[in-house]
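Only one chain is given next, in structure tokens, and it is the form predicted alone.
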Amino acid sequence: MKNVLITGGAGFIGSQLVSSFLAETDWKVCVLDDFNNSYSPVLKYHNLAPFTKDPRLSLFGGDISSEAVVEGLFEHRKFHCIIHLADKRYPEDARNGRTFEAINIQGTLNLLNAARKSNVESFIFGSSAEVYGTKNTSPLSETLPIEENESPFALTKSIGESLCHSYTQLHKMRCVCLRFFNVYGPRQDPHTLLFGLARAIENGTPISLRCDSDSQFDYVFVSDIVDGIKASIDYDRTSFEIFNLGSGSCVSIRLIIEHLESIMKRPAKFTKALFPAEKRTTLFAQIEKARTMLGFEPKVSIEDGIRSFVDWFQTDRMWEKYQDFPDDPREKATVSGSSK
């Protein structure tokens, strides 16, 4: 029986990946998550609650920036694969001296070192479409130069990709970096744009958009991302590759709001006029490489995906009991990049 380590496995994408492994494979799954308070740790425990009685699941709380924590996890375990999803997105997430640079860079380095020492067969790094910035034109291809990172988070992801590449060259490891676009679906982080829009429509709260509503972005449903991650595990044609994981198309913020209004049967309200046309943005992924080399093929339409999200939003109200929506950058809800 194979073992997989999923860092950040209690989060949005991570918990969906755990669910898929336990339902569709006979693998043992080990989750390492620090249960940080970027949003309520109770919600993260709730994400994994349906699986905690499965004997194939092991759950550990710990910080990947601690070399001792990572090395301790590997002392008595042999992993076939590491799927590294743990990260911090905002400097404001730092608590007790920890910084998002330490998590995103030192944590990745700790995991790569552990993988090297224990001869892990496959290392999957959860990167982000934010490495492209907003100056590159769509469709965004893996061959585009990444020269200017427009946020510290994007810089840490770019460094993570470079570390993975270096380790494949120096230590004959096998690494795949996956650039996630805008991932959405059940168990979504409460600070994301889609969650904020649904909450505003449900409460009748006016929405203040920070981009033109006709701006278009690549939204990809979480089950499609899970399929792409699992497809990358056994990729062995080269020692290192980068793949975009997106829908390969784009959808406007206006259309997302219209789908939410239709499904929730409530109108959206707005606080001010929409931004002028020159502020419009169009960003989406070129996914031909993932199609050809991984067999990746997004299956869920935006309408079906939003319906699935709303079903969860309206029925699993745990998020409502543990609301934590401070006035910080997360509340501003960037509409480019990934969402874990």
Ligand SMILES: NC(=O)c1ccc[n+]([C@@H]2O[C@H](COP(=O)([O-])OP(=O)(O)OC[C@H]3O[C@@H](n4cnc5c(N)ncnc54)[C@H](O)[C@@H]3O)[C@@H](O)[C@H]2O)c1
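A residue's number is simply how far along the shown sequence it sits, counting from 1. This one's a predicted model, so the numbers in the text were calculated from it and none came from an experiment.
Beyond what is shown, the protein has a form predicted together with the ligand; the following relates to that form.
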If contact means a heavy atom within 4.5 Å, which one of 38-46, 295-303, 309-317, 281-289 is the stretch that engages the ligand in the predicted complex?
38-46
The ligand contact in the predicted complex: H191, any heavy atom under 4.5 Å
no
Find out whether any non-hydrogen atom of F180 is located within 4.5 angstroms of the ligand in the predicted complex, and reply yes or no.
yes
Is there a non-hydrogen atom of L85 within 4.5 angstroms of a non-hydrogen atom of the ligand in the predicted complex?
yes
So, G126 and the ligand: in the predicted complex, are they within 4.5 Å at any heavy atom pair?
yes
Using heavy atoms only and a 4.5 Å cut-off, determine which of I103, I257, V120, V176 is in contact with the ligand in the predicted complex.
I103
Heavy atom contacts to the ligand in the predicted complex at 4.5 Å, residues of 217-247 in sequence order:
none
